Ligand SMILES: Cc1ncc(COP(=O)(O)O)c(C=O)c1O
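Presented below, as structure tokens, is a lone chain in the form predicted on its own.
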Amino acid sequence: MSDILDIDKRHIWHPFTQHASERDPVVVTGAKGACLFDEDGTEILDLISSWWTCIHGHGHPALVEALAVQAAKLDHVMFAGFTHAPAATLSQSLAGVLPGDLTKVFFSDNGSTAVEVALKLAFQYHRNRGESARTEFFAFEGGYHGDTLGAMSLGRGSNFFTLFEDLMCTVHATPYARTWEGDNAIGPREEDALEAFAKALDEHGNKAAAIIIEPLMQGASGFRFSRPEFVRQVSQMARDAGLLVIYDEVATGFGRTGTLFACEQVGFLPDIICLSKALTAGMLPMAVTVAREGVFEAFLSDKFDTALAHGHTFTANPLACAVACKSLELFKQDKALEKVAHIGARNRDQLARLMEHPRTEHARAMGCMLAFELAGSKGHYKTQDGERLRDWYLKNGLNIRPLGPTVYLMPPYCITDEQLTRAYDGLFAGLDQI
């Protein structure tokens, strides 16, 4: 056992880990491009972009340089009563690439806090307008929006947080119309989901502040895809009922679905959008909650009571802002969306093979993402087959981490054709082993 692993076992409490039975973690000593390297020098293809963050790959020289240059100028300053160029530049850049008048940027630390900010915005928005009865929320069954208390409330339909239900605020979870390649029953399934949502709106809509949606894909619940028209119809129904519409694009933002933001494909302008994960391309933790002008204006008055009294110690950290600015520039300089389209085309080439494999079902592809379920495998976050596959893939140099029965790929955009071929060959070899 290495010294690092020994220290880890004595002191570290890992996320989503049962330490009484979990196998030892892999000691990673370096990373470059689409690859991780362990302490023995073994190369591991990072096919989930280290929890969906490292869109441009690890150690991109432009991001490293941006971090170093900013660190020499200004490392951190409190963001109440102060501002700085990296935050101003990033907010302007985000407003320039987001649709419509999504222009008011509130900084926080991660996806969960971005969602918490959105919930508080929606609640206080209605309160500031004299609509004090709107204290509840709508979400989809299977939705996952983070691990803080409000975010857990929204994710009560994901089965992650049953233990904490007594602490949660009121959220109405309605059916989600998921789909996959060759799905001939999606039309009736969407009609049933829309009918259920309409009924729930009739019963609870006048008490709800907002609906939150992961547009086009529910990530942590198993890469469950939906059609743009379904998301658009739900969004419009919610707006017509007086709810604010929040899009959680923590997982889908910055090119993952094929466009810079999934809402572009939906064709609907949300009132609030939450972004994190790929915002800094995996270099540093940061998130933003971006609101439309009309939402922001509801907080303006001559009384502090109407202001958003919320903040974080590392709000708009200059280092993270500088890296995020450079990451946005790389979308043009490195032609990132063209790379996503190429990965997507190669993923789609695998669909027929997946649909024919006896151990898979519900194969699907979107943007740079490829996913399917293990046929006959049941369970939630961890399953026996999923864990066996994860171990096999790691031993064969692939970081593929199934979500229960769902196996998925979400590689960095810098991945090469040779590496993709290696990934596909390994993916199927692992399936054949179980």
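Note that residue numbering follows the sequence shown and begins at 1. On a predicted model such as this, the values are computed, not experimentally measured, just so you know.
Below, we turn to the form predicted in complex with this ligand, even though it does not appear here.
- The three residues 111, 145 and 251 all sit with a heavy atom within 4.5 Å of this ligand in the predicted complex.
- Taking the partner from the other structure, this ligand in the predicted complex has no heavy atom within 4.5 Å of any heavy atom of residue 393.
- In the predicted complex, this ligand lies within 4.5 Å of some heavy atom of residue 52.
- Among heavy atoms of residue 178, none comes within 4.5 Å of this ligand in the predicted complex.
- Not displayed here, this ligand is kept clear of residue 256 by more than 4.5 Å at the level of heavy atoms in the predicted complex.
- Residues of just one listed stretch (189-197, 225-233, 348-356, 243-251) have heavy atoms within 4.5 Å of this ligand in the predicted complex: 243-251.
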